[in-house]
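Presented below, as structure tokens, is a lone chain in the form predicted on its own.
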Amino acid sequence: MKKILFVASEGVPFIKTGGLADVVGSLPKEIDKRFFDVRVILPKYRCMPQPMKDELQYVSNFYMDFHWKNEYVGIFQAEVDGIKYYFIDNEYYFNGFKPYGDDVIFEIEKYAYFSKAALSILPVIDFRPDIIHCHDWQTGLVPVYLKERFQGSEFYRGIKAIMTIHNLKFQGKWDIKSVKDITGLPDYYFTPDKLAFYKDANLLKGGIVYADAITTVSATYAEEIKTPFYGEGLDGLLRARSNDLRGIVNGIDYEEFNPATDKHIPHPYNAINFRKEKGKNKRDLQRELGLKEDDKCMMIGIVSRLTDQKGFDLIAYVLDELCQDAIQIVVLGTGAEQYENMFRHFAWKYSDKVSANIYYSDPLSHKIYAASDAFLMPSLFEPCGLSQLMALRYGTIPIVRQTGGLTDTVEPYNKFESKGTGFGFLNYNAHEMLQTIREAEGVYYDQKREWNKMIDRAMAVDFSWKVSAGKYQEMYDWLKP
């Protein structure tokens, strides 16, 4: 039985700000319990929902040498879906109203503390993992501390570390002097081949240098990040470690995202009856959002953070033009003020065509996936992306820019061979996007049989966690023969 420990800054159902939490919450459940004992360590945030806090049981506490003082480390535990979770308690670090704050140096100190504490609690909870699987920059110091501080003890010797990059843009960077002071790491670690990054120290870089294997969340993104455009300054290091780098596409929870059993949608449907039932959801949503009620009008859904990364500058450029077409656009999400206001403006200007929902609502997101005919995702870069997987599951045809995980999960429509599960465009260009949307409109309006066959194919692909879990298991076996 191999023992695997996940260390992460968030995880469903305890705390979530993004896709990382879905991975940490879903992947351990799907890994084969006959061969692997998988456990998870998270911070005990004050802002966790109360019902989840009520699940936690106190285990123990001790004091740990950190940042020139003795720092309290409390340990709590809980079990959900057969997975054991441990929580690190420290009111000074985890007391915010949100998991992450804006004070970068405090965030670095907080997750340096968390990384060291995660390693320090292992003998106390009597769990010696074969592999520690670290996620994103917040746990970048785990492989570093493991090699620097803990390898000397018999208990830790031989433990391997994996670093998973969910989004390379966020790296945990600050000046070397401060990071050296916080972490207690000697000068030896702050050279250009280790944690030093131009004039700063970089926590994610430390994790990549000291991990035994590196993964990211799609095969295309694993290739892209070895290039200067996507590499965020770390492309040279990732090229140097390319033999240890692999891409494994994330999955989605096929129980939670299932149009046949989804409690949030008024008219459940499946791959057999979608022709009759899916459209009823559109009618209901049109009524709910005050759009013109029209069964035949093509509805395009957008559920996203409204940021540059997600391609909203392209949408801004052609939205007026797009609104001349026979379409409706339903947007859900928050983000940059300019994009929030842009959608509000267009919802005012084209009130029967555009619905701007500038907030976040889980039930409404499910309704949009079920009601829309197409789903627009023109990202500048996309490590994996989960929205297009949900769209495919609901038979809502993705229109994507072919980058990162979008390339790996959406097969562009080929009219000559009647293949494909969506529409794709290559260049980051607003009119190329508009042309692709109009190609989709053409198939939707003029070739209904082709459109429905595309829905059949979209609903038949499998991006459940089971597939991804199998690939992670292969990697665990490869790392620990």
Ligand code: GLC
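Everything numeric here is computed off the predicted structure, so don't read it as measured data. Note that residue numbering begins at 1 and tracks the sequence as displayed.
One more form of this protein, predicted together with alpha-D-glucopyranose (GLC), exists but is not displayed; see below.
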_Taking alpha-D-glucopyranose (GLC) as it sits in the predicted bound form, is Arg305 near enough to touch it, meaning that at least one heavy atom pair lies within 4.5 angstroms?_
yes
*With a 4.5 Å heavy atom cut-off, would you call Gln309 a contact of alpha-D-glucopyranose (GLC) in the predicted bound form?*
yes
*Should Arg393 be counted as a contact of alpha-D-glucopyranose (GLC) in the predicted bound form, where contact means heavy atoms within 4.5 Å?*
no
*Spell out, yes or no, whether the shortest heavy atom distance between Leu376 and alpha-D-glucopyranose (GLC) in the predicted bound form is within 4.5 Å.*
no
*Of the options Pro143, Gly301, Gly385, Pro398, which one has a non-hydrogen atom that comes within 4.5 Å of alpha-D-glucopyranose (GLC) in the predicted bound form?*
Gly385
*With alpha-D-glucopyranose (GLC) left out of view, which of Ala469, Ile15, Leu20, Met459 would have a heavy atom within 4.5 Å of it in the predicted bound form?*
Leu20
*Heavy atoms within 4.5 Å of alpha-D-glucopyranose (GLC) in the predicted bound form: which of the stretches 99 to 107, 316 to 324, 67 to 75, 164 to 172 has them?*
164 to 172
*Residue by residue through 233 to 260, tell me which have a non-hydrogen atom within 4.5 angstroms of alpha-D-glucopyranose (GLC) in the predicted bound form.*
Asn250
